[in-house]
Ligand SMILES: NC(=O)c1ccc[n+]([C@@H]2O[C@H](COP(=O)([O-])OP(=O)(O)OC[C@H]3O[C@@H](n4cnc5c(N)ncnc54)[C@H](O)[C@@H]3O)[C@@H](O)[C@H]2O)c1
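One chain follows as structure tokens, the form predicted on its own.
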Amino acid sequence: MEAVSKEVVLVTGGAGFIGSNLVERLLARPDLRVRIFDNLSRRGVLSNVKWLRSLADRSRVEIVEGDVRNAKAVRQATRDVSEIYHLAAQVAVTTSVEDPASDFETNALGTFNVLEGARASGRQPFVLFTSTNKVYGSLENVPVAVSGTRYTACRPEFRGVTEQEALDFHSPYGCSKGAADQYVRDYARIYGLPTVVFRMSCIAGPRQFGNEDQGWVAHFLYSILQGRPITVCGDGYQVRDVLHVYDLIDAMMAARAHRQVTRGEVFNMGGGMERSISVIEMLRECERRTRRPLHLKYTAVRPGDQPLYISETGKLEAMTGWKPRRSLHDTLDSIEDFWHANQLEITGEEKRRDFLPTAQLMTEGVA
């Protein structure tokens, strides 16, 4: 019988979009066991767990159903791990405005609990935290003008937002993620934990179920394929850089492999200038691909929304040699392929816990 590996990697939010893709990559390392810590509340997560269980022996995939707001549960989950990828979060600006207390508890307090669990373990695990470009606020010092179907920077030398951009938390979501972001940095300075922060732009790819508040690229494509109306916040000229989730996972692995130089650092993470696109341009591209008409309605711009955000990723590239390899078309291809292979699961109601043995779940309430 194969010996059980002693090295355990924890992925909070490991049943979500980014988390499930990350766990797939981690399972390719035969020396690891992966512990997924997730409250299993988001749409699509049970489908993701079922898929992950099919990839490896069950002894290598542990499912812990828990909430990062529960310090006791987090400490138990972090007790014996060598790496932590902290992805669990409340991810929607609109939800944070409606319920700022829950947003704070999940993003700020939840991250603090993870850091304290890592510190208390005494193992000095590598910790990678996924932050957001929203920590830079509305980027009022990057003036823009409309050019065709998008906003462009008025400064011709602009090649993207660097990590030197001033922090300007805007919206409860920006504040909660920004506070967590700074705690992660400081635990490297004060406690010597090898932590890394990724301030992420738009990540897209397979296993993204997509809705109006999170996963907008997949949401657009799926909505058009189903003939559903799409709400555009603002004028649709807002620009984002889109990074394929596989390129993001490559970046995570590069940050870990070079942790002697990346520890304590913050990196902007996105597709860069070459993979930038406006909302309306993305909608038109999805319309062209699907050969189905758009049904659009417009509403007010979201609080703190950036008219133009493009990541400058040169810092991580210089430190690790990482570069994004997949194009925007590759990203859309992968989302469309996932749709065709999983249409019933994307559009239908999921059954809860059909395939999760009770013995392999640890259910914890929120203290």
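None of these values were measured; they are calculated from a predicted model. All residue numbers refer to positions in the sequence shown, first residue = 1.
Omitted from view is the form predicted together with the named molecule, to which the following refers.
The putative spot formed by 149, 152 and 240 is not touched by the named molecule in the predicted bound form; no residue has a non-hydrogen atom within 4.5 angstroms of it.
In the predicted bound form, at least one heavy atom of residue 67 sits within 4.5 Å of the named molecule. At the 4.5 Å threshold, heavy atoms of residue 346 stay clear of the named molecule in the predicted bound form, well away from it. Contact annotation: residue 52 falls outside 4.5 Å of the named molecule in the predicted bound form, judged by heavy atom distances. Within this chain, residue 302 is remote from the site of the named molecule in the predicted bound form, having no heavy atom within 4.5 Å.
Here is the short version: of 130, 78, 176, 113, the single residue with a heavy atom within 4.5 Å of the named molecule in the predicted bound form is 130. Of the candidates 135, 184, 87, 221, 87 is the one whose heavy atoms come within 4.5 Å of the named molecule in the predicted bound form; the others do not.
Contact annotation: the named molecule lies within 4.5 Å of heavy atoms from the stretch 32-40 in the predicted bound form, the single such stretch among 312-320, 329-337, 32-40, 55-63. Contact annotation for 175-210: residues with any non-hydrogen atom within 4.5 angstroms of the named molecule in the predicted bound form are 177, 200, 201, 202, 203, 208, listed in sequence order.
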